[in-house]
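Read the single chain below, which is given as structure tokens and is the form predicted on its own.
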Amino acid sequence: MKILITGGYGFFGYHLAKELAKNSCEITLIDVKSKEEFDEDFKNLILKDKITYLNINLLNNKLEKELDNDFSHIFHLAALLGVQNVLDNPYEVLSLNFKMLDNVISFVNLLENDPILYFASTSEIYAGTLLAGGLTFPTPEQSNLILPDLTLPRTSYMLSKIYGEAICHSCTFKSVILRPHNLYGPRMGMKHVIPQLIKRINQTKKNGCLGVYSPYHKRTFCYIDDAVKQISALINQINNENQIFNLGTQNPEINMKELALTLAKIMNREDIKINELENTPGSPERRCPSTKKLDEITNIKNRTLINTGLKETFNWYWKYRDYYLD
């Protein structure tokens, strides 16, 4: 297999490439990061045989001039994301995410070897259905998608992904839609709740208080190794084209207060007291995907225990604490 991963420097792209490299796949990663910005883990990744990195901006609509023409699988993971981006730059989130996907599709249409496009959507697309009171848990892929008030915060990213899914459905080539749900693990940056809590716990004084927003909002967190192993198994199966898969885990559910207490225990900071703060605007009260469909196809049902995954994640951030936690 010859695989292209857009957003290859990112959290998801890095771990996916690391997993697929075990299968002797030929992998090309593209992103906008320069070599001067590479971290130690990524430098080690691209030293592996059959992994190539190219500095390419997906807003360039002439990708065929920079890329090979015989990829069998294209994973489009690149996107403008992050809550702060969504809140501060909604127009850019909507327009640039569409432009990047459109350019990738234009490139795929030029390939003559019948490739498969894997499009990374988001669990956020279920948010409108949840607000309307029509969402079941665990949430199956065939759930109706209901649009919320389009003026609400955080809608731009969700809308860009719903539109992206619709575009994939309308294409003539084969595609698979992945809806990631709260993936976490080492090297996920600092824009997500788990690394943010690790940093704030580390900075909390002895016997101090830690404020936790949306303390009773529930999530199921999926360790990144589990997610990429399922994708690796998925691409070796036939008849999965033009389907939608939730990517994540459906148990255990854990609320934000429990998550903070679990991390505090892992970090030997049980002296910390939790101060329950208000709910974050736009944050779903509950997010729990049904993974039955993907589990049956990949035959991977076991997941990393939440305590084990959180320990691995903390250990990685502690290793690079001078950069991430101070």
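What you see is a predicted model; the values in this text were computed from it and never measured. Don't overthink the numbering: it's just position in the shown sequence, from 1.
Keep in mind the form predicted together with a small molecule is missing from the figure; the text below concerns it.
- Task: Please state whether every one of the three residues Pro138, Pro284 and Cys288 places a non-hydrogen atom within 4.5 angstroms of the small molecule in the model of the complex.
- Result: Contact check failed for every one of Pro138, Pro284 and Cys288.
- Query: Does at least one non-hydrogen atom of His169 fall within 4.5 angstroms of the small molecule in the model of the complex?
  - Reply: It does not: once the small molecule is placed as it appears in the model of the complex, His169 has no heavy atom within 4.5 Å of it.
With a cut-off of 4.5 Å between heavy atoms, is Phe245 one of the residues that contacts the small molecule in the model of the complex? No, Phe245 sits far enough from the small molecule in the model of the complex that none of its heavy atoms falls within 4.5 Å.
Contact of Tyr223 with the small molecule in the model of the complex (heavy atom, 4.5 Å): Flag for Tyr223 set to no.
Leu80, heavy atom within 4.5 angstroms of the small molecule in the model of the complex: Close contact exists here: in the model of the complex, Leu80 approaches the small molecule to within 4.5 Å, heavy atoms only.
Q | Contacting member of Ile231, Leu183, Val104, Val193, with respect to the small molecule in the model of the complex [4.5 Å, heavy atom] | A | Exactly one listed residue reaches within 4.5 Å, namely Leu183.
Task: Options 53 to 61, 262 to 270, 296 to 304, 275 to 283; stretch whose heavy atom lies within 4.5 Å of the small molecule in the model of the complex - done: Stretch with heavy atoms near the partner: 53 to 61.
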